[in-house]
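Read the single chain below, which is given as structure tokens and is the form predicted on its own.
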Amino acid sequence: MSTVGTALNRNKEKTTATLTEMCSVRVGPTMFGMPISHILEIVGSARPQPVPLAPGFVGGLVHYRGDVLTTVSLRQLLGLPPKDGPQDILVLENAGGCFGVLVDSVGEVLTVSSVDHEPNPSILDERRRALFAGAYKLKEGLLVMLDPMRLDPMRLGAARVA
């Protein structure tokens, strides 16, 4: 193919690429991303109350706008030790109501391109493949994509039973 044809193909790819705004979060040393369109609110410095006999992925309960919000511990889902001290919560909404995702810290909003998206690697274990929706290549490293629906406590509970 000629260099003109190659340049045209690259330009065509750029025009068909979709841009998505992601909220970057950290859990341990890893940077994750969640589409901001799925985030209702970010609650900083939360201290969830433990729930006796709850599944391990439940990070606890927090008082949120007059309701009780169930949180999912991303650390627990990743097999990391609990974090001492407050954590940030991404408040998400699903058909059954709101739930929270506990993260170590919330970073900045990043704009990513579909051109830079890579699917989950085939060697990724089943547990992590069920949580992640691929990764975006950034200049500073990778932004592992979280799918909010995969973190829904009802879905996680049903998967645990099955």
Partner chain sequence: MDELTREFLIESQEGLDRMERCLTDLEGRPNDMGLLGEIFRSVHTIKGTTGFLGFKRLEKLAHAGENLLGLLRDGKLSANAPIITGLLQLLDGLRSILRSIETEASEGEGDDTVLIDRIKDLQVPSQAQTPVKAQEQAVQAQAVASASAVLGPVPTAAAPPPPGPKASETVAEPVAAAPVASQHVPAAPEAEHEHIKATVQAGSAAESTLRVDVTLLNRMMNLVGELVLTRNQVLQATASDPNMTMLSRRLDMVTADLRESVMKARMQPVSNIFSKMPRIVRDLSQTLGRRVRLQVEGQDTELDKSLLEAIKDPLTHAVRNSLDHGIESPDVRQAAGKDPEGTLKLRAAQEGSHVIIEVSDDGAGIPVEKVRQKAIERGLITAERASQLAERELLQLIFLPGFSTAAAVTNVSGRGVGMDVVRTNVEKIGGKVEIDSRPGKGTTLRLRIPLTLAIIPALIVRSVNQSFALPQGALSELVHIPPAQAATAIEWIEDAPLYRLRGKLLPLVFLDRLLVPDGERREVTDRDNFIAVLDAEGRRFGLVVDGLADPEEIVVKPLSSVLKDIGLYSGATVLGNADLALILDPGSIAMKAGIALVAEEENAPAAVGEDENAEAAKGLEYLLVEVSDRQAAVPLADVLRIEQLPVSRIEYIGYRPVLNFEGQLLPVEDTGGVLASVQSDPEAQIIVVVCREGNRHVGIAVSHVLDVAAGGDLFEAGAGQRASGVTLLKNRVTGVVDLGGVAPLPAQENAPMELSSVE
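Numbering follows the first chain given and starts at 1. Model, not experiment: these values are computed from the prediction.
As for the form predicted in complex with its partner chain, it is not shown, yet the points below apply to it.
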ask   = Which of Glu108, Glu118, Asp67, Glu126 has a heavy atom within 4.5 Å of its partner chain in the predicted complex?
value = Asp67
request  = State the residue from Ser122, Ser37, Gln49, Ser45 whose non-hydrogen atoms include one within 4.5 Å of its partner chain in the predicted complex.
outcome  = Gln49
key: Contact of Gly28 with its partner chain in the predicted complex (heavy atom, 4.5 Å)   = no
query = Is Met154 close enough to its partner chain in the predicted complex to count, meaning some heavy atom within 4.5 Å?
reply = yes
query = Is there a non-hydrogen atom of Ala130 within 4.5 angstroms of a non-hydrogen atom of its partner chain in the predicted complex?
reply = no
message = in the predicted complex, is there a heavy atom of its partner chain that lies within 4.5 Å of any heavy atom of Gly134, even though the partner is absent here?
response = no
Sequence-ordered residues of 35-61 touching its partner chain in the predicted complex, heavy atom within 4.5 Å = Gln49, Pro50, Val51, Pro52, Leu53, Ala54, Pro55, Phe57, Val58, Leu61
